[in-house]
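Listed next as structure tokens is one chain, alone, in the form predicted alone.
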């Protein structure tokens, strides 16, 4: 049940779109961890940089999206910049569309 709730929250977070990159925060690799216990959900996420002007928008969007999932009693979203986000965290299916080519 907990794993199912985590997956439902992960899917719900896909509605949160980074305004600069135009992609959802899950595929951009902004979500570092989702944990659930007894309906309480804790999300650890990041943004592209500590100075990203969309940080509050993204955090609030994640909290609202997670809170709307049936079975979620509370949603806590913590921002972290450790480890730092890199374009390597972007889902391969959209990395090239954003102009991040693989470097070998």
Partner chain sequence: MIGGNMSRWTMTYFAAALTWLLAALALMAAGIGHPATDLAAPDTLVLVHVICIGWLSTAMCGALFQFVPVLVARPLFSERLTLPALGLLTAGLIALLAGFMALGGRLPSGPWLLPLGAVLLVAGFGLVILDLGLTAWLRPTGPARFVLVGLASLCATVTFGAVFAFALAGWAGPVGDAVLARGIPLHAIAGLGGWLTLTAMGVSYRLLSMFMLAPDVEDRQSRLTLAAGGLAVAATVGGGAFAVGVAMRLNAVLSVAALLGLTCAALYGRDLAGIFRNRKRRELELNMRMAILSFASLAGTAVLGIALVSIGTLPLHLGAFAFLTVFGWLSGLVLAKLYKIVAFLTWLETYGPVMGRAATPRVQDLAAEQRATKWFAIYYLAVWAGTLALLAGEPSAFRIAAAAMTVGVFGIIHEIIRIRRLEDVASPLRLPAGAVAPHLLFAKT
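Keep in mind that this is a model prediction, so the values were computed, not measured. Positions refer to the first chain, counted from 1.
One more form of this protein exists, namely the form predicted in complex with its partner chain; it is left out here, but the text below deals with it.
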property: Partner-contacting position among 34, 75, 26, 58 - heavy atom within 4.5 Å of its partner chain in the predicted bound form; result: 58
property: 4.5 Å heavy atom contact, residue 11 to its partner chain in the predicted bound form; result: no
property: Exercise: residue 83 in contact with its partner chain in the predicted bound form, heavy atom 4.5 Å; result: no
property: Its partner chain contact in the predicted bound form: residue 70, any heavy atom under 4.5 Å; result: no
property: 4.5 angstroms heavy atom contact with its partner chain in the predicted bound form for residue 19; result: yes
property: Contacts with its partner chain in the predicted bound form - residues in 37-55 whose heavy atoms fall within 4.5 Å; result: 49, 50, 51, 52, 53, 54, 55
